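The chain that follows stands alone, in the form predicted on its own, written as structure tokens.
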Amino acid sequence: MRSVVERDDLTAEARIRQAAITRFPAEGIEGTTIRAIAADAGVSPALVLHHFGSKQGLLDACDRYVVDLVRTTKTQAVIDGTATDSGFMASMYRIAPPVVRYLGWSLSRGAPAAARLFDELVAESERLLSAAEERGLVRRTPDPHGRAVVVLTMQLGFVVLREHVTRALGMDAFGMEGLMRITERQMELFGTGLFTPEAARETAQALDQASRLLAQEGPDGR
């Protein structure tokens, strides 16, 4: 199994981490061995332990890397105004498939680490959307945290449901072609909207009325 090396980072530590990002989703925690990761990275098992201490330490490092990737690339690109640059998009799609595979696997584990990862991604999503607000790329909202949770959940849906999305689209959801198609449809929905303005107004009015009714009924529904 070949490890995936991102950008120009060819240090031993980076090669080990990327080998793990490929191995863990394919073989699980129990099935993935330090020796196999070392072989993929072209280093000795002792060097893996030197850098990460244990398999759990390596797993934690992979989780941190996923969040850091959002922080150092996507969020910064919005701040710098390069998020829509073709070169930036191409580089993201080159490194995205293995990271997305790892992310989907990690979030579906149901372990405390998955909860921490999701919370960290929410925080980064909120910072990203806040930066986009400042640049006039997205509309302002009275509930930035709620928006970040909803947007992230919508974006991660295809990650967790990869098998079903792949079957429905007729292409690998984590392949470059699949990721580009999904992104195009996401931007179509987020950019132009799914519902007509009239439907949006009617829904907002219904939600307001329902909120008032529930407030009158009290917490026990009476």
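Residue numbers here begin at 1 and follow the sequence given. Everything numeric here is computed off the predicted structure, so don't read it as measured data.
The same protein also has a form predicted together with the DNA, omitted here; what follows describes it.
Engineer: With the partner left out here, check for me: in the predicted bound form, does some heavy atom of Thr166 sit within 4.5 Å of the DNA?
Structural biologist: The answer is no: Thr166 has no heavy atom within 4.5 Å of the DNA.
Engineer: Hey, in the predicted bound form, is Met171 touching the DNA, heavy atoms inside 4.5 Å?
Structural biologist: Flag for Met171 set to no.
Engineer: Heavy atoms within 4.5 Å of the DNA in the predicted bound form: does Ser44 have any?
Structural biologist: Residue-level check for Ser44: yes, a contact with the DNA.
Engineer: Taking any heavy atom pair closer than or equal to 4.5 Å as contact, tell me whether Arg64 reaches the DNA in the predicted bound form.
Structural biologist: Output for Arg64 is no: heavy atoms all beyond 4.5 Å of the DNA.
Engineer: Using heavy atoms only and a 4.5 Å cut-off, determine which of Leu49, Leu179, Leu161, Leu69 is in contact with the DNA in the predicted bound form.
Structural biologist: Comparing distances to the DNA in the predicted bound form, the residue within 4.5 Å is Leu49.
Engineer: Tell me which stretch of 171-179, 49-57, 184-192, 152-160 has a heavy atom within 4.5 angstroms of the DNA in the predicted bound form.
Structural biologist: Only one stretch passes the 4.5 Å heavy-atom test: 49-57.
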